[in-house]
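Below you'll find only one chain, the form predicted alone, shown as structure tokens.
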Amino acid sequence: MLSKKTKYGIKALAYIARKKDRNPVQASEISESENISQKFLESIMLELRKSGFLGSKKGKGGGYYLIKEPQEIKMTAVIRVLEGPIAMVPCVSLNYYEKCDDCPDENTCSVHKLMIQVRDASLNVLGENTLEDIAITQ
């Protein structure tokens, strides 16, 4: 299940991407519009800034802005930053692989085979969608 942190992070990025003028957007505006706790949103925005998705400007006219164009931001990258691995079990993760303690042989493990399919389907959907794709103008 997607965490609230990731859900709110995606909603915030989409909100910023919908702004045609590309001026910085204050967290309070996003918080009010998207019904997200401002304090929680600020921590998410900080993480997105540290990860290179957002820039920020202080002072009058300040706020957060996208560093890259929305069409350049893949949802796989956003999910990995906010949520961690896309794979549901560590033994099928492409970026965070770990052998399962309870599995003697991945090649014969039924769970492993199923989770590879789930991972690949998830990667396909997330990899084909960019911030531009999901930031539908309301």
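Quick caveat, the model's predicted, so the values are computed rather than measured. Residue indices: 1-based, along the sequence shown.
One more form of this protein should be noted, the form predicted in complex with a further copy of the same chain, which is absent from this view; the next part is about it.
Undergrad: Is P90 close to a further copy of the same chain in the predicted complex, meaning a heavy atom pair under 4.5 Å apart or at it?
TA: Yes.
Undergrad: Report whether the minimum heavy atom distance between K113 and a further copy of the same chain in the predicted complex is within 4.5 Å.
TA: Yes.
Undergrad: Does any part of E32 reach within 4.5 Å of a further copy of the same chain in the predicted complex? Heavy atoms only, please.
TA: No, E32 is distant from the partner.
Undergrad: Given that the partner is absent here, does L66 sit within 4.5 Å of a further copy of the same chain in the predicted complex, heavy atoms only?
TA: So L66 does not count as contacting a further copy of the same chain.
Undergrad: Pick from 58 to 66, 45 to 53, 22 to 30, 101 to 109: which stretch has a heavy atom within 4.5 Å of a further copy of the same chain in the predicted complex?
TA: Of the options given, it is 101 to 109.
Undergrad: Just to make sure I understand: among 1 to 37, which residues lie within 4.5 Å of a further copy of the same chain in the predicted complex, judging by heavy atoms?
TA: Contacts from 1 to 37: M1, L2, K4, K7, Y8, I10, K11, A14, R18, E34, N35.
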